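We begin with a single chain expressed as structure tokens, specifically the form predicted on its own.
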């Protein structure tokens, strides 16, 4: 692939799964890591689609990128499928909700109602993407995942790398106080599907955004 032909699709931030008009399931992701990856991609001259959930305004848009705002995991999946094309790189830096309420109330659920909320799985974005690529004969798509784990992070990152047939995955150890959601730094380890891995020192998410793009360029021999 030539650098000038590559499109980079970055997902960022949380998703929200509503149980009634005002209550939802989500997580504390601010989208900071995905934002800096997408911004680095734009600054390095790539065509970029930035698919972002409900995040603070500072991380919601990137000048020079196609900015796509979404709410639910299904919204994110549909946007990813729409943006994927041959010679593209998908970087799944978002933290989409794994479940959604089976039923959503049209009105606010009152505190006195003691509701039972039955959760059902959301579609797995990366697994769905893989099937979509094969079904539509989309060529030369590089799949990059993220794994944010609180225990046995390496075990679960490598499992995700294999099960979702990724080219590489960036493991984020949430057990460290200066890594993960709502902080400016991360401790990342990159695992590649050739069995190699590199443990990176703690760094700011802004600098890591460029480092991640450089890692992908090396992988693609650009």
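Residue numbers count along the first chain shown, from 1. Values in this document were obtained by computation on a predicted structure and should not be read as measured data.
One more form of this protein, predicted in complex with a small molecule, exists but is not displayed; see below.
Heavy atom within 4.5 Å of the small molecule in the model of the complex: which of 187, 47, 39, 164? Of the listed residues, the single hit is 164.
Tell me, please, which stretch of 47-55, 156-164, 61-69, 192-200 lies within 4.5 angstroms of the small molecule in the model of the complex when heavy atoms are compared? Looking at the partner contacts, the answer comes out as 156-164.
Answer yes if any heavy atom of residue 125 is within 4.5 Å of a heavy atom of the small molecule in the model of the complex; otherwise answer no. Contact with the small molecule, yes.
So, residue 73 and the small molecule: in the model of the complex, are they within 4.5 Å at any heavy atom pair? Yes, contact at 4.5 Å.
Does at least one non-hydrogen atom of residue 98 fall within 4.5 angstroms of the small molecule in the model of the complex? Yes - in the model of the complex, heavy atoms of residue 98 and the small molecule come within 4.5 Å of each other.
Report yes if any heavy atom of residue 148 sits within 4.5 Å of a heavy atom of the small molecule in the model of the complex; otherwise report no. Within the cut-off, so yes.
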